[in-house]
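Starting off, we have a lone chain in the form predicted alone, written out as structure tokens.
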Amino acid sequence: MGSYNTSDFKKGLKVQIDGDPYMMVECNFVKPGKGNALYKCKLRNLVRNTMLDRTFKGGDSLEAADVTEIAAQFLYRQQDMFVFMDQENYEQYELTKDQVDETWKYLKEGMVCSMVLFNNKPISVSPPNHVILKIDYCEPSIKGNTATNLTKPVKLETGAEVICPAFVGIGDMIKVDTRNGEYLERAKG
């Protein structure tokens, strides 16, 4: 496994600290009047999703994390386990409900997601930025609500709830932004 010197530090770098993988979210170079240069870094733990603030002196180094990103197809959910398959070698991975976190809201069988592996074990999964899902339930639309900005909660085929314009109805296909859970537009079924 390689290592990174402070001169290599930059946003997006994946490093290993105390056996856990971290991604640099922010890295600021500080040169005080006297003494060594300092690197103030914010790191996000890729397993627990917690933040860590660390300051490194010029010349310090960090071990590179054995993190890879693969395309994995969502196969099915079995109680609190989500099963995915690597698109290249057809290897199957199981993730717990905690690892999947809020992503379950957008997972549809057959969907290709981005999975992060640490030491060849899955630690997180992200759906595409935009997904098209069917509305399973919502209150009926009222005639004349097409041009106003009235909204209502709707339940999607995955069980997730999003806020949509009042003109959408049961059976409509909608496009949702998975990064913030917002309705984007009505999609063609």
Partner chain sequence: MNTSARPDDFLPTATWDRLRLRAELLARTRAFFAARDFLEVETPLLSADTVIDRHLDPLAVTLPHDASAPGVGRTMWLQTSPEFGMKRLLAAGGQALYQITRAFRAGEIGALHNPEFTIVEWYRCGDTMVEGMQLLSDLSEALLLLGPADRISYAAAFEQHAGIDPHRASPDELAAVAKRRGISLSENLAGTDRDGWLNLLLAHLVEPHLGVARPMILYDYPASQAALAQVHDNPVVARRFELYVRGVELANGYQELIDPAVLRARNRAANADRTADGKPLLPTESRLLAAMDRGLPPSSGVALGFDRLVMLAAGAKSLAEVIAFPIERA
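Numbering follows the first chain given and starts at 1. These numbers come from a predicted model, not from an experiment.
The same protein also has a form predicted together with its partner chain, omitted here; what follows describes it.
> Work out which of P153, G159, G35, P140 lies within 4.5 Å of its partner chain in the predicted bound form, going by heavy atoms.
So the residue touching its partner chain in the predicted bound form, by this definition, is G35.
> Which one of N120, N49, N129, T55 is close to its partner chain in the predicted bound form, taking close to mean a heavy atom within 4.5 Å?
Residue within 4.5 Å of the partner: T55.
> Does K134 make contact with its partner chain in the predicted bound form, using a 4.5 Å heavy atom cut-off?
The answer is no: K134 has no heavy atom within 4.5 Å of its partner chain.
> Hey, in the predicted bound form, is E63 touching its partner chain, heavy atoms inside 4.5 Å?
Taking the distances in the predicted bound form, the answer for E63 is no, it never comes within 4.5 Å of its partner chain.
> At 4.5 Å between heavy atoms, is K40 in contact with its partner chain in the predicted bound form?
Residue-level check for K40: yes, a contact with its partner chain.
> Name the stretch, out of 159-167, 120-128, 24-32, 65-73, where some heavy atom lies within 4.5 Å of its partner chain in the predicted bound form.
Of the options, only 24-32 has residues within 4.5 Å of the partner.
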